[in-house]
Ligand code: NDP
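We begin with a single chain expressed as structure tokens, specifically the form predicted alone.
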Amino acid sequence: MTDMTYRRLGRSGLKVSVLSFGSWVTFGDQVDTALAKECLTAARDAGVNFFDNAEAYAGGQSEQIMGDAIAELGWERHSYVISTKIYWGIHKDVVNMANTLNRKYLMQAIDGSLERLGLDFVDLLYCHRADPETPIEETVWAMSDIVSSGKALYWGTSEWTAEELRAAYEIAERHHLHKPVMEQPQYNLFETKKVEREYARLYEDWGLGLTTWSPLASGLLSGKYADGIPEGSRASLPGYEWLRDFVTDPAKNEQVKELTVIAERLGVTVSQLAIAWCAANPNVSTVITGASNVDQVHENLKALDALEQLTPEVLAEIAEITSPFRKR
């Protein structure tokens, strides 16, 4: 397999593996601590140095599992980069502690995340969504203070609009605060708007870094939904009813079949092709992959081989298949 490469996180000096490992959906729902240790080890052995999490994943269980697994593996803290995201909260029945970015919540949420992860600090801390009810200035001050306290090294956002990002950056600059360094948007062959259009000016203007999620479009780009919803797949899990119409969409599954032809010609799977396509964007610092077993970890990381084969001609073929304006 091709050796892992590392990219700077935006204009920061921090380097992250171009493919990383995240715990959304799987940890707590499909993966326990023992299996988490196997998956984390497989990723790390392949050169992955960035591991993504969030307070809301499995109601805090995901952070607990990842923290326990890393502790049992005995990883030295300087040897990996870890993130978490806060906004949704896990105390849904308490005012000020859910669906907010107010100062009270942020200051307490980071402490809860660190306790579950068993860490003194996270490398990256994200505002998991924007909060229209809290002034952005209040959020920027709080996040900057968390960085100043040493509980996080960098802060950023997830799924914010370009307008919200600019407002946060300008407030931080005006008050000489720690600026947001990175964004975590969804990015895949079926979801390109934010990364390719909305944020386009932000990469050059102030060096926004991207840690993108869902490269397989919730599994659709793996091809496993071409004939319906397999038992044990994400779309079959309770609480994921919203996903079923999306992954069984006939038009999109037809596009996946056409992409599969290209993948087979290159000697890779359609999943590897889709992950590699995300990594081919030079504005993407790292593509977050997920897995519910070790075989999937190995499978996803072979996307490094596919990345080397994405010539301009192949990328043009892919664009022709996935273009929303293509006549069918």
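One-based numbering along the sequence shown. Here the structure is a predicted model, which is why all the values come from computation and not from measurement.
Same protein, other form: the form predicted together with this ligand, not shown, and the subject of what follows.
Within 4.5 Å of any heavy atom of this ligand in the model of the complex lies no heavy atom of T286.
Heavy atoms of P132 never reach within 4.5 Å of this ligand in the model of the complex, leaving it off the interface.
Remark: A217 counts among the residues lining this ligand in the model of the complex, judged by a heavy atom distance of 4.5 Å or less. Put simply, T26 is close to this ligand in the model of the complex: some heavy atom of it is within 4.5 Å. Candidate site formed by S17, S144 and R166: none of these residues places a non-hydrogen atom within 4.5 angstroms of this ligand in the model of the complex. Only one of 255-263, 295-303, 278-286, 35-43 places residue heavy atoms within 4.5 angstroms of this ligand in the model of the complex, namely 295-303. Out of the listed residues P238, G232, P250, G74, G232 is the one that sits within 4.5 Å of this ligand in the model of the complex by at least one heavy atom. With the partner removed from view, the residue among A291, V268, I70, A56 that has a non-hydrogen atom within 4.5 Å of this ligand in the model of the complex turns out to be A291.
Along 162-201, one residue reaches a heavy atom to within 4.5 Å of this ligand in the model of the complex: Q184.
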